[in-house]
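This document starts with one chain, in the form predicted alone, laid out as structure tokens.
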Amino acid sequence: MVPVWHATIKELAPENLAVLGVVQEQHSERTKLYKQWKQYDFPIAQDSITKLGAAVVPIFIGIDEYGIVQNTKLRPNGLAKFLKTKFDAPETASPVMGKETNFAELAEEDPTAENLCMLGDQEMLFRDSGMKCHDKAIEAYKAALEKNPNNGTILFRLGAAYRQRYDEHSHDDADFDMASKYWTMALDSNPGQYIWRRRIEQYGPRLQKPYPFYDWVGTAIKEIKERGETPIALTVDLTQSELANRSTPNYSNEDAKPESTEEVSRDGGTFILIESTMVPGYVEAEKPATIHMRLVPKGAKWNNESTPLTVWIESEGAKLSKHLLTFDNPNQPDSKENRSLEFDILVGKADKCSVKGFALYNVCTEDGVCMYRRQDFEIEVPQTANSQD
């Protein structure tokens, strides 16, 4: 629909029209890449917290020269008529609350859930102090949530703040984990909120995805390069679930378990840290979910000149789309990147459920001592909403 609008505006070429796009996207650079690809010449604002209050997209809003919303169902074939319409000036100017409003003082004087939520919004929308803004936003949203625990808007925005901090600063899976849980709780409070549902489905599971969210990225980068331009760099890597189409995982797979590795020396987290996040944040029996695993070098680097990273997983309480996970070695002798793997699970009816397994990898210390290690792990699968922070 946006390309149609862009073509309509170009055709009419109105001098009295200002265009602003608003996108409900968690990752701003992906919007920038899409804008560059499609060669849109209007500004696009990021609204990762759904400040606009939209429950579905796309929507097109017509605002007159006085700043008054006149049409919330504008269509391309109605733009010419809208531009020719003469609107009456309002009798009094509407107050505008923007960055100049000190929501910190307002929330301190009157700490209602609404004021505390607006304080969190301000920190998210006008970030200028790095991670401190995310910390302040999380603090404000959590304070608002204490006053209104079942408010879906606050729950969703708190999740967005955690994910933003994860992407831009902390890279700590605990933040991604909290984002997944709060987004899931928000959707539980309002199952019909389309944008909240899509935010969760972005990260899985595949069985619930309506379409691949970012399969256009490869084409966009290729075509931008062919134009002689440098594509906007993606600061957050795309996950497998973000690229995948809707599909039913093969929960009856027959992966072969690696040969006996009991004698391999154990790494208790000295060299590699294993983290995980489940999406959605908790599941019901017979419902699918996706588990994202992340292996983070800690005082070591990957040895890419030997056998690749291998992970074996199994579970008594859930069916798994895979049992054997592998990560291909990069084309360089060694590297220090975080390595992400993911798989889908179908939870059974047991009261408690977990996924157990081990990772096998080759690593080298900074002084050049290389070794082969095994690390055992267990991932708890939360099945209720009671595991929030």
Partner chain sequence: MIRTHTTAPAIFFAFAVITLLANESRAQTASYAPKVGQPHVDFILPSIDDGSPIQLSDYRGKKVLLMHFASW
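Values in this document were obtained by computation on a predicted structure and should not be read as measured data. Basically, rigid core = biggest C-alpha set you can superpose within 1.5 Å across the two forms. Positions refer to the first chain, counted from 1.
Not pictured, yet referred to below: the form predicted together with its partner chain.
Trainee: Can Leu74 be called a contact residue for its partner chain in the model of the complex at 4.5 Å between heavy atoms?
Mentor: The answer is yes: Leu74 has a heavy atom within 4.5 Å of its partner chain.
Trainee: Check Thr239 for me: does it contact its partner chain in the model of the complex (non-hydrogen atoms, 4.5 angstroms)?
Mentor: Result no; Thr239 lies far from its partner chain in the model of the complex.
Trainee: Tell me, yes or no, whether Asn190 is in contact with its partner chain in the model of the complex, where a contact means a heavy atom of each within 4.5 Å.
Mentor: Because a heavy atom of Asn190 falls inside 4.5 Å of its partner chain in the model of the complex, the answer is yes.
Trainee: Would you check, heavy atoms only and a 4.5 Å threshold, whether Asn148 touches its partner chain in the model of the complex?
Mentor: Judged by the heavy-atom cut-off of 4.5 Å, Asn148 is in contact with its partner chain in the model of the complex.
Trainee: Work out which of the listed stretches, 341-349, 326-334, 63-71, 359-367, brings a heavy atom within 4.5 angstroms of its partner chain in the model of the complex.
Mentor: That would be 63-71.
Trainee: So which of Ala318, Val311, Cys133, Met118 reaches within 4.5 angstroms of its partner chain in the model of the complex, heavy atom to heavy atom?
Mentor: Result of the distance check: Met118.
Trainee: So which bits of 144-177 sit within 4.5 Å of its partner chain in the model of the complex, heavy atoms only?
Mentor: Heavy-atom contacts within 4.5 Å come from Asn148, Asn150, Asn151, Gly152, Thr153, Ile154, Leu155, Arg157, Asp177.
Trainee: Align on the rigid core first; then say whether the Cα of Ala55 has moved by at least 2 Å between this form and the one not shown.
Mentor: No, the C-alpha moves less than 2 Å.
Trainee: Is Lys222 among the residues whose Cα moves by 2 Å or more between this form and the one not shown after superposition of the rigid core?
Mentor: For Lys222, whose C-alpha is compared between this form and the one not shown after core superposition, the shift is less than 2 Å.
Trainee: Superposing on the rigid core, does the Cα of Ala80 end up 2 Å or more away between this form and the one not shown?
Mentor: Yes, the C-alpha moves 2 Å or more.
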